[in-house]
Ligand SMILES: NC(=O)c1ccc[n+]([C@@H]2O[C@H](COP(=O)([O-])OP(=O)(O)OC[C@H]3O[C@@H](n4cnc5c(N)ncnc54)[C@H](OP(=O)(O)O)[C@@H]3O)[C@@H](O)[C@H]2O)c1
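Form predicted alone, single chain, as structure tokens, below.
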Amino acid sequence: MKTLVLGASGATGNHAVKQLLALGGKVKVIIRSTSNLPNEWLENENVTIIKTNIDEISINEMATYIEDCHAVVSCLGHNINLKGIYGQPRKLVANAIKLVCDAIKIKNGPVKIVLMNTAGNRNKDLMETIPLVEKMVIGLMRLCLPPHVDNENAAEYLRSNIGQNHPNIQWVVIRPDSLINTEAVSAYTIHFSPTTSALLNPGKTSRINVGNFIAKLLIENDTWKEWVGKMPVIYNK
């Protein structure tokens, strides 16, 4: 099975690729031409590298990239600097998810989508409630931080526009809390909803654990069946 990974050169996307390979998968990555790649990817016959900018890919081009893939993973995100937060493209993640979905419709075959998102984004299907203070802060974030709105819109596109019964698209939105770097996969827990406030009392999630969960979703059928069409929250145990 082959998986297309967007944002593969990022801090979490890198782990997703490595974990997929470790579990026996094949990977195709789309990265910027200026991105640095691990030598082991360049020498691995199970890794296909496509160098281009995601916001310059046409629907037909994306359909070609997806053609031999059973899944697409998005670990796209905005750089944490002024240009990354307030510069273009402000709709990087949402536009990429829509592009992938439109390309899958052209391909006309079943594809799984895994979107890395954030625990600060609520799952409206579950009517998740948050404290008033957190609700006010999130309202300010929507006004002041375009990346948060981008994350919300990307997840909402899958939840509302694709929904639960699309003939060719199934999806899972993964919501990690505060991301940290660790060297090895550790014990982690998966929940339907946040168990603590993402803003007032955030939990921690290792990037490598996110990568491991992504790989298990796409390699283990039972894990996929458990979480398909849902927005699981992942915490370090």
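All residue numbers refer to positions in the sequence shown, first residue = 1. Worth saying up front: this structure is predicted, and the values here are computed from it rather than measured.
Heads up, the form predicted together with the ligand isn't pictured, but that's what we're talking about next.
Candidate site Ser35, Ile54 and Pro176: all three near the ligand in the predicted bound form by heavy atom within 4.5 Å: Yes, the whole trio is in contact, each within 4.5 Å by some heavy atom.
Determine which one of 158-166, 122-130, 68-76, 102-110 lies within 4.5 Å of the ligand in the predicted bound form, judging by heavy atom distances; exactly one does. That would be 68-76.
Indicate whether the ligand has at least one heavy atom within 4.5 Å of a heavy atom of Met116 in the predicted bound form. Yes, Met116 is a contact residue.
4.5 angstroms heavy atom contact with the ligand in the predicted bound form for Ser9: Output for Ser9 is yes: heavy atoms within 4.5 Å of the ligand.
Spell out, yes or no, whether the shortest heavy atom distance between Ala94 and the ligand in the predicted bound form is within 4.5 Å. Judged by the heavy-atom cut-off of 4.5 Å, Ala94 is well away from the ligand in the predicted bound form.
Heavy atoms within 4.5 Å of the ligand in the predicted bound form is the criterion; list the residues of 190-223 that meet it. Stretch hits: a single one, Arg207.
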